[in-house]
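As structure tokens, one chain now follows by itself in the form predicted on its own.
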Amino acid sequence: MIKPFYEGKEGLQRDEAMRSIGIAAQTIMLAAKDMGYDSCPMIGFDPAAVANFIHLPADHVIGMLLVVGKATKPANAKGGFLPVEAVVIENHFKRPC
């Protein structure tokens, strides 16, 4: 039943893969913390260079890099957060003024 849902819908397939990657990464990060390790998802890398370095097959993509290990120093302080009202939508979107 799932095959017809995704068949021919490459954007939907990629979106689902990215959601699954996020869920898997979060699970690895939580498991690592439970085992006494630290972790960090990485940005700012060259996906083509990494793909070449690891001999990634052409029909694969890099969804995320995640490091797991022991921290050498405490994490940097977070820069602050937006108020909940700025990031959470309840019940409906607001109409533009």
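As the structure is a prediction and not an experimental result, all values here were calculated from the model. All residue numbers refer to positions in the sequence shown, first residue = 1.
If you look for the form predicted in complex with a small molecule, you will not find it shown, but the lines that follow are about it.
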**Request:** Report yes if any heavy atom of residue 49 sits within 4.5 Å of a heavy atom of the small molecule in the predicted bound form; otherwise report no.
**Result:** no
**Message:** Is it the case that residue 82, even though its partner is missing from this view, gets within 4.5 Å of the small molecule in the predicted bound form, heavy atoms only?
**Reply:** no
**Asked** With the partner left out of view, is residue 57 within 4.5 angstroms of the small molecule in the predicted bound form by any non-hydrogen atom?
**Response** no
**Asked** Quick one: does residue 43 come within 4.5 Å of the small molecule in the predicted bound form, counting heavy atoms only?
**Response** yes
**Among the candidates 31, 68, 64, 61, the residue which, in the predicted bound form, approaches the small molecule to within 4.5 Å (heavy atoms)** = 64
